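The chain below stands alone, shown as structure tokens; this is the form predicted alone.
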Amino acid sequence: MSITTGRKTKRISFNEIGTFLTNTIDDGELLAIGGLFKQGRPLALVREVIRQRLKALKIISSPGSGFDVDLLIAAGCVAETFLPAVTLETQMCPSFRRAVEAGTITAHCVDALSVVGGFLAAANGVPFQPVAAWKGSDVIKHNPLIKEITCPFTGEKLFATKAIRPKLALLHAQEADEFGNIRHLSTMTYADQLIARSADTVLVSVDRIVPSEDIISRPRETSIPCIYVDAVVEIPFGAHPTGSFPNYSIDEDHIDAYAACADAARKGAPDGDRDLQAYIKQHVIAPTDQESYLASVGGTIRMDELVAEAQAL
């Protein structure tokens, strides 16, 4: 409860994330992750998913995912994916590729329109979203999210993507107040707003908590209002190694180092699996808080470099 307003705060501490996750999502359920490719991915929350040893998760995301999904797969948390793209942009995601090739996960063939349409349907409280754009394509042959329908008004043959309602959504933004009003400082919000409206429960990490008066003074800048947020947690550099523009840039060196390690494991290098598990232990399992995680990836010096890089853009 806020001392000044009497309203119930939605702010939780870093140490409460694990309990929040285990009280919210079970093994085998659908987890949604916000952000896009290497921007605004909630990596601090994803690492906590791994620490809680959640298993057999179904993963869905905004149309572009990458490092976070690969890390979850490397840690053995994933059974199925519904992802239009899984990539590190400059190279393939090694753990995702390895798992698909080995058949240890099921990677459903979905496109961006079916995923975004599914979020839109759930956000609007309807069972499906009609789509005409798939006419004449083979998208429907292998996509489990869509079916052919007949328009009740014209008799026209259309397609529909079913509503996607994740059990839990993990998002990252730059600012919020203690009541869960979220502010993306970048225009790159992607599908985060739809995901927040579609999920049963929404947990958002932010780089900083700001006074509620600041949110109220600039209401048009609120990208996700508090009615769609169940909990918010302040985690400086909570998207690292992805970026959180304009606060800090992408840590490409860290992502590349992980990818080299994971690719060596995929190719069966003598110490590949050992080194990959050592990465997970050093950067995911061992850190007990965000400060110790940041220390493991270069500390203040490296974070200052990423801040300066973002400011120079």
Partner chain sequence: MMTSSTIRNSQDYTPAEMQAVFLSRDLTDGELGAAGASAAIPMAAMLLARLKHAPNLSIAGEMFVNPYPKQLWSSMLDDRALGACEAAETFLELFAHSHRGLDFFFHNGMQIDQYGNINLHHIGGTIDAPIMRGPGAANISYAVTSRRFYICTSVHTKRTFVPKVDFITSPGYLQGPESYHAAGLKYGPKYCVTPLAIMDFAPQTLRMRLKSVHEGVSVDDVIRQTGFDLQIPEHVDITEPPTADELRLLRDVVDPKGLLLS
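Residue numbers count along the first chain shown, from 1. Here, rigid core means the biggest group of C-alpha atoms that superpose within 1.5 Å across both forms. All values derive from a computational prediction rather than experimental measurement.
One more form of this protein exists, namely the form predicted together with its partner chain; it is left out here, but the text below deals with it.
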So in the predicted complex, does any heavy atom of V210 sit within 4.5 Å of its partner chain? no
With the partner left out of view, is L276 within 4.5 angstroms of its partner chain in the predicted complex by any non-hydrogen atom? no
Verify the contact flag for P287: yes if a non-hydrogen atom of it lies within 4.5 Å of a non-hydrogen atom of its partner chain in the predicted complex, no if not. no
Using heavy atoms and a 4.5 Å limit, would one call D111 a contact residue for its partner chain in the predicted complex? yes
Tell me, please, which stretch of 267-275, 66-74, 30-38, 47-55 lies within 4.5 angstroms of its partner chain in the predicted complex when heavy atoms are compared? 30-38
Going by heavy atoms, what in 158-194 lies within 4.5 angstroms of its partner chain in the predicted complex? R165, N181, S186, T187, M188, T189, Y190, A191, Q193, L194
Does E156 show a Cα shift reaching 2 Å between the shown form and the other one after rigid-core superposition? yes
